[in-house]
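Considered here are two forms of the same protein chain, supplied as structure tokens in two stand-alone entries, structure 1 and structure 2.
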Structure 1
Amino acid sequence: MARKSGVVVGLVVAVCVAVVASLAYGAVSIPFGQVIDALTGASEVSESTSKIVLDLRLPRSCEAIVVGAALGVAGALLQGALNNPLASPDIVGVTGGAGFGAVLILILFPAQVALLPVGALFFGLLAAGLVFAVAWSGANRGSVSKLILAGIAIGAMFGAGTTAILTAYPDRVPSVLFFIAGSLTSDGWGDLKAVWPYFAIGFVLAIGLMRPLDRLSLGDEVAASLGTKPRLIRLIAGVAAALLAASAASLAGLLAFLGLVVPHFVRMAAGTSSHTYVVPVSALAGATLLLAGDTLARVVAAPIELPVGPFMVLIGVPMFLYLLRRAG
């Protein structure tokens, strides 16, 4: 119990520190007092400082928290629902679909770039829909292995489409590099406003799924004897994970690593696999990791911005490997 509480307290402290760092540091050096003044609306703050803090850093920090939490939760839901430690948003085709949607907009319809989040979200959900349609049809419908195989096939299909577009327009490839490598942007609140309902539905579904997933972890037969419908739970968990992962991809590009690693990190650190613990704490851990990675990506080579994906890996992997070694 103390170990679990310790992990929660540690993550709460870490996320607070990450939020402060994200607001305080950037390409432009702003004294922390002025950051506070800008946040509280003090009149003596310059227009540019106010703009940087309120319109760039604050929405970006919020995006990092929401996206990190969504990916952590999506990974926890899928790993629980499929009873597979390698499950991540990739597995339901979301990453491949969202990547295809983004590349389609950025390369073929650059004038419609404002539709990028919507395009990534649409194709992410479309890919997941196809995976579920295949997995829940024909013989052995709703089985874990069928869902995983369908996910791999549909993901490969969208991946091939992405590669085809990139190959056809090699001169335009730089436009999509940051999306593919994973990167938050400073586009203000607009993108978050466009996709927040999908996040909200995903998080609400995740909250409702925590206890059924615990029952599902006892095995399908035991879960059924306790009144849980395993296939239905699996489907709802898949839909929730798809909503969260597609929304996350629409804002921050392809960061599937986070969805894979964060739930394992939480389980190993706290020593429990209970979904009532792992799902919310994965949200906290995902938010912390992405926020810290994004701050590093913004300041390491400032004013040049780097993609967040590699930095997240840089922070997350050593901690993950340490815990993996300890867990034996």
Structure 2
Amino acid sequence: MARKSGVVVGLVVAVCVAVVASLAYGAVSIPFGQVIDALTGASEVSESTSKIVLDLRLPRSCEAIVVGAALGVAGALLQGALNNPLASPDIVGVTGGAGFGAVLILILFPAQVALLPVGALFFGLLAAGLVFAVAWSGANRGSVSKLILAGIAIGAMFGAGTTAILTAYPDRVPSVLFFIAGSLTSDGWGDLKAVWPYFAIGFVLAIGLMRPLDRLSLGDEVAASLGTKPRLIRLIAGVAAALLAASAASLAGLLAFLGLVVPHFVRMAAGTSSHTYVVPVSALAGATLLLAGDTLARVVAAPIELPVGPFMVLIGVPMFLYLLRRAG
């Protein structure tokens, strides 16, 4: 219990520090005191400082928290539902579909770039819907192996479509790189307002799935004897993960690393596989990691902003390998 509590306390402190750093550092560094004054509406703060903190960095920090939490939870749900430690949003086709939707908008309709979040969300959910439709049809419907194989096939289909578009318009490829590498923007609250209902539904479903997933981890027969319907739980978990991952991709591009590694990090750090612990703590860990990575991406080559994906991996992989070494 002390170990699990320590992990939670450490992550709460880390996410608070990451939020402050995210608001204070960037192309223009702002003292912590002025950040607090801007957040509280103090009259001494200049208009430019207030605009940077409230209109640019605060929405971006909130996006990082929500996206990181969503990907961490999505990974925890899928790994628990499929009993597969390698499960991530890729497994239900969300990453491939979202990538196709974003590339379609950026390459073929560059004048409609404001539709990028909508396009990524729509095609991410479409891909997941096709995976579920295939996995829950015919013989052996709803089985883990059928879901995984359907996800691989649908993901490959959308991946091929993405490659075809990029090959047909090579001169426009640079405009897509930030989405593929993963990147948050400073466009205010508009994008988050457009997709927050999908995040909300996904998080609510995740909360309701924590105890059923614990029962599912005992095996399908035991779970069924306890009143749980394994195939239905897997379907709901897949839907929740698809909503969270597609919404995250619509805001921050393709950040598959988070959904795969964060649940492992939580399980190894806390020494427990209970989903009532792993799911909410994965949200904390994912938010912390993405906040830290995004801050680094903004300050390393300031005033140039780099994609967040590589920096997030730079932070997360050493920590994960250290825990993996200790666990081994």
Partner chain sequence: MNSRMYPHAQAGTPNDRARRLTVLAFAIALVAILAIPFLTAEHADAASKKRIVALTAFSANTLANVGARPVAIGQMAIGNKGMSRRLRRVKQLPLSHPNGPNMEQIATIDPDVVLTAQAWRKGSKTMRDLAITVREMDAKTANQVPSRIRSIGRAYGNKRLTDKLVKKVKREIKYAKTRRPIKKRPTVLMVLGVGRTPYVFVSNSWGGSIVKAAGGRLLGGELRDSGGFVKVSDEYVIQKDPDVIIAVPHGNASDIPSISDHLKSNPAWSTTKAVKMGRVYVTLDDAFLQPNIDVGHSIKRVRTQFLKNW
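Numbers follow structure 1, counted from its first residue as 1. Keep in mind it's a predicted model, so treat the numbers as computed, not measured. C-alpha atoms forming the largest set that superposes within 1.5 Å between two forms make up the rigid core.
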task = Kindly point out the structure, among the two, that is the form predicted together with its partner chain.
result = 1
inquiry  = If I superpose the two forms on their rigid core, does the C-alpha of S46 end up displaced by 2 Å or more between structures 1 and 2?
reply    = yes
task = Verify the C-alpha shift of P31 between structures 1 and 2: is it 2 Å or more after superposing the core?
result = yes
